[in-house]
Each structure stands twice: as structure tokens, then as C-alpha cells.
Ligand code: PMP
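As C-alpha cells, one chain now follows by itself in the form predicted on its own.
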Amino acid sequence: MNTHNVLDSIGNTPLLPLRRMIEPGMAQVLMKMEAWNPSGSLKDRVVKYIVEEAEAAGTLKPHHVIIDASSGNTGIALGMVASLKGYRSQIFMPVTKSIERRKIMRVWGTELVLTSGEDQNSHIWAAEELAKDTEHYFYLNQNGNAGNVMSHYWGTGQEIVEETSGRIDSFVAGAGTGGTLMGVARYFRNHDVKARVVGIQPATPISRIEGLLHFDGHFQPKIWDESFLDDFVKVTDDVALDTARRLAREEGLFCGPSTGGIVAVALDEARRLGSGKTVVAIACDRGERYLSTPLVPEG
């Protein structure tokens, strides 16, 4: 009898090669399909890791409401994990983020508090204010909790090395909290994997590449350490959206704009490296949560 539950299905996501988007003479590009986690994004790893670590330490109590700031994916993952474990959850999210993500969170019973769209960090300030009440709230704090990094160190990073036998020449991921980049880069460094680590960020502070942070100097996640990166590339909304559409039409992978931006840079890396090399890129989340955004053409 199979006794696994939903939480057991988090992680161990496959690597899928791009085929039609690869031109002759380019390196192969392998997509790490984090979009195929049960709630639809890489944030499942982060939330499960932090919650279970806090349960083991006794800092998360049964009466606590688990809170965090999120552009959507962490909120969705938290809604799923909290509901399965019997906690209430509350998420602060900018009003500019997609309506689909609000609805998914509410299906899982998450209380959603919308904050200003004028400041890309408004939801963080709101969550940090409420987090001062430690009697009633447990602050997941994806931007500052080292568990975010470790979930990708022992999860994403270890899996990629095992799946490729360590033969990786470049790794590309988006910079939101920085957890994926920091965790994978640290695993590479500690296991003598010599791959280039490339981060991407939106070209502007107010962007349609939801889930990623433009590093404009006003806020930097505490877990962020740019010394782990070999390159940090800015990607425009148009490039990210167009590449995400191509990914669906040419490769059959319907992912969000952040994945589009990552793939655009991964393809540049593949052209630069040439045949015989390997690029691994993160497929962050599913495209269905962006149906009301410019990702989906009108008409």
C-alpha cells in the first residue's frame, strides 16, 4: 500500500531537455521542473523545510498563525502546507500581483492582505510589523530564514548534482529571496562542482516578472550573498514574457514569466558555451496562475 502524502511528493523534480529552442552548436539546456511540485512552484520546498524545522525546534506552536510576505508562490505553498498540518496562514502580497494567485491561496484558506503596488517591498514591511507579535504569529520569513537556503542546498542543489553526475557548466535561476541561487551555489561549491552560477533580476523595480526582485538598493534579503554569483543579468518584461510563450509553444512547458526570463538567459549561456556543454535552468512555477496577465495574448 502506498502511504505517501502530498508533502512527500515535494522535490525530486525531473530534468527535461529543451529540444526545439536549441540551435545547432549550442549547449544542451536542462529544465529543473520545480513547477511540478504539488502546489506548482519551487516554494513548496522552502515552506515545508522551514515549517518542519520550526516544529522540531518548538518555535512554531499549534496556536500560531503562520505569516509571510509573498508575491504569490510562497503564499500558495504556505496555504497548502498549513492546511495539511492544521495551521492558519496569512499572507501579505502587493495588489499588483496576479488575481489567480490570490484565488489559489484563498482556496486553501489563507487570509490574504493586499498592500500597495507603488512599493515593490510594501508587503515585506507589513509582514515584519505584524511579526513583532510573536505570541500569536510565527513569521516564516523567507527573505531572512536560513532554512530557505538549506531547503535548496539539500534539495535542489543535491538533486541537480546527482541527476547530472556533477557535469554542469552553467546554472541559471531567478533572484527573488535568493534562496534557490544561494542554496544551489553553496552545494556546488562544497561538492567541487565548477559550474557558472548566473542570477537574473527584472530590469525595473515595477515589473511583470512576478516573483523576482529588482535589486534597487531599497531592500536586500538577509540570505542574499552576491559573492556566490558569477553573473547577475537584468531581463526585460518583454523578453521574459515572449520566451515563456515560446517555451509553451515549442517545448510544451507552460510556465510563468520568471521561467521565461531564466530560459532567455540560459539560451544565451548555451550559445556562449557551445556544444558538448550543459546548462541547467530552473522552471519556477506553472503558467496557469498568470492567465490574467500579459503572458496570455488577447483575442
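In this text, residue numbers run from 1 along the sequence as written. As the structure is a computational prediction, the values presented were derived from the model and not from experiment.
One more form of this protein should be noted, the form predicted together with the named molecule, which is absent from this view; the next part is about it.
> So which of L212, A195, I76, I91 gets a non-hydrogen atom within 4.5 Å of the named molecule in the predicted bound form?
Replying inline: Contact check passes for L212.
> Heavy atom within 4.5 Å of the named molecule in the predicted bound form: which of G199, G155, G176, G147?
Replying inline: Going through each option in turn, the one that passes is G176.
>> How about L42 - does it come within 4.5 Å of the named molecule in the predicted bound form, if we only consider non-hydrogen atoms?
In response: Looking in the predicted bound form, residue contacts with the named molecule include L42, since a heavy atom lies within 4.5 Å.
> So in the predicted bound form, does C284 come within 4.5 Å of the named molecule, heavy atom to heavy atom?
Replying inline: Residue-level check for C284: yes, a contact with the named molecule.
> Wondering, does T110 line up within 4.5 Å of the named molecule in the predicted bound form on heavy atoms?
Replying inline: It does not: once the named molecule is placed as it appears in the predicted bound form, T110 has no heavy atom within 4.5 Å of it.
> Would S71 count as a contact of the named molecule in the predicted bound form, using a 4.5 angstroms cut-off between non-hydrogen atoms?
Replying inline: Contact check for S71: yes, within 4.5 Å of the named molecule in the predicted bound form.
> Which one, 78 to 86, 126 to 134, 111 to 119, 167 to 175, holds residues whose non-hydrogen atoms are within 4.5 Å of the named molecule in the predicted bound form?
Replying inline: The contacting stretch here is 167 to 175.
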